[in-house]
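We begin with a single chain expressed as structure tokens, specifically the form predicted on its own.
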Amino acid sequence: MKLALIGIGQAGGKVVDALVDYERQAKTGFVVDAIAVNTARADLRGLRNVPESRQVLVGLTRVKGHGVGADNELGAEVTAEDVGDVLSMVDDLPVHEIDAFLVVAGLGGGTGSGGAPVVARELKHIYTEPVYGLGILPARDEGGIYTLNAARSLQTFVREVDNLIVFDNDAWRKTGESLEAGYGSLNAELARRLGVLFSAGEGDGSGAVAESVVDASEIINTLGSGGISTIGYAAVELDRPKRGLFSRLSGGKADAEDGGDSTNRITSLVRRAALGRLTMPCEIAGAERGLVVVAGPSDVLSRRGIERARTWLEDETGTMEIRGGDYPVGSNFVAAVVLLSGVYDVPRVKELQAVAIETQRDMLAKRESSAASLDDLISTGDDHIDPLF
């Protein structure tokens, strides 16, 4: 699937940077182009794979390149004011070559949570290609303002895109990791999952042909349910004996694998992907649509295994709209990606909204208390001082 990536804010830019890096290493060509948008000049400078020529600094007249300080209302305002600069850069894209736009943002900060819905809305007005979102939720320990931003942005973002893929930082960060190391590894993990999913059908240059092709239309149809999506992933390294001289000369299949082994491996991987660590943990029962992609060497990709895995996922989710296929790659690993679209039983989102409501109440109460305290502070009792103006 051919994508145009647009990263908004610090987290969005870094995830896009990681996706471009993954695509270059995998040599699959699913990234047609990538753009980074930010209100902070320093965040743009930290990108390694999105060149300066594809970076847009918005809000320069308002915030002078210093960011919006976690104020997502300001982030939305300055992005709306300068969205023409973003669209001008999009106009340079070979849009006829892309299958969809992917707008990426962290939902806890100011620029991403405020600006991403603005950019997505404008893209949908102008282009006929689907506009998908990738929203990254903040961890619980990042603070109430980031939780409030995320809850507000999630509601807006999901309305402005054709489908919103969600990644929950809180479910993935490891205890004791530094922020830089932790988020770096999370970005790489997310890029791997998205990379395998969107690379399907594009090939890795080996010339291998899939038995059951997963192309852009399969992904588009799966995401066509709208709402929120989550992605699962599992992989295993193949235990292949080294081929000896006799095997190479005779063309023998000393390393050929029993079909039952391939079938069992694939069904096991798909179960692990669907029931293990999803990008957004949720109950998979009730998902509207699903897609299974199994990647690996062509000689171990079992059509029977994929069909069994699809049937199992149909039973688990309760929907018949489960698509799937294989993605042959030159690798010593077999990986399974499960995309679940239209999920609704998501405890983290419900918790996020509850915490955001409480945070909003506390902020309002503190504002009222501060205003009353200020009145008391400057009050002079019976004495009267004429105001300056």
Ligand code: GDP
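The shown structure was predicted, so the numbers you read here are calculated from the model rather than taken from an experiment. Start at 1 and count along the sequence shown; that's the residue number.
From this point on, the text means the form predicted together with this ligand, which you will not see here.
Looking at this ligand in the predicted complex, residues 153, 226 and 229 place no heavy atom within 4.5 Å of it. Residues with any non-hydrogen atom within 4.5 angstroms of this ligand in the predicted complex fall in just one of 310 to 318, 270 to 278, 100 to 108, 154 to 162: 100 to 108.
Although the partner is absent from this view, residue 194 stays clear of this ligand in the predicted complex, with no non-hydrogen atom inside 4.5 angstroms.
Taking the partner from elsewhere, residue 142 is found to have a heavy atom lying within 4.5 Å of this ligand in the predicted complex. The closest heavy atom approach of residue 183 to this ligand in the predicted complex falls within 4.5 Å. None of the heavy atoms of residue 19 is located within 4.5 Å of this ligand in the predicted complex. With contact defined as any non-hydrogen atom lying within 4.5 angstroms of this ligand in the predicted complex, the stretch 281 to 315 contains no contacting residue.
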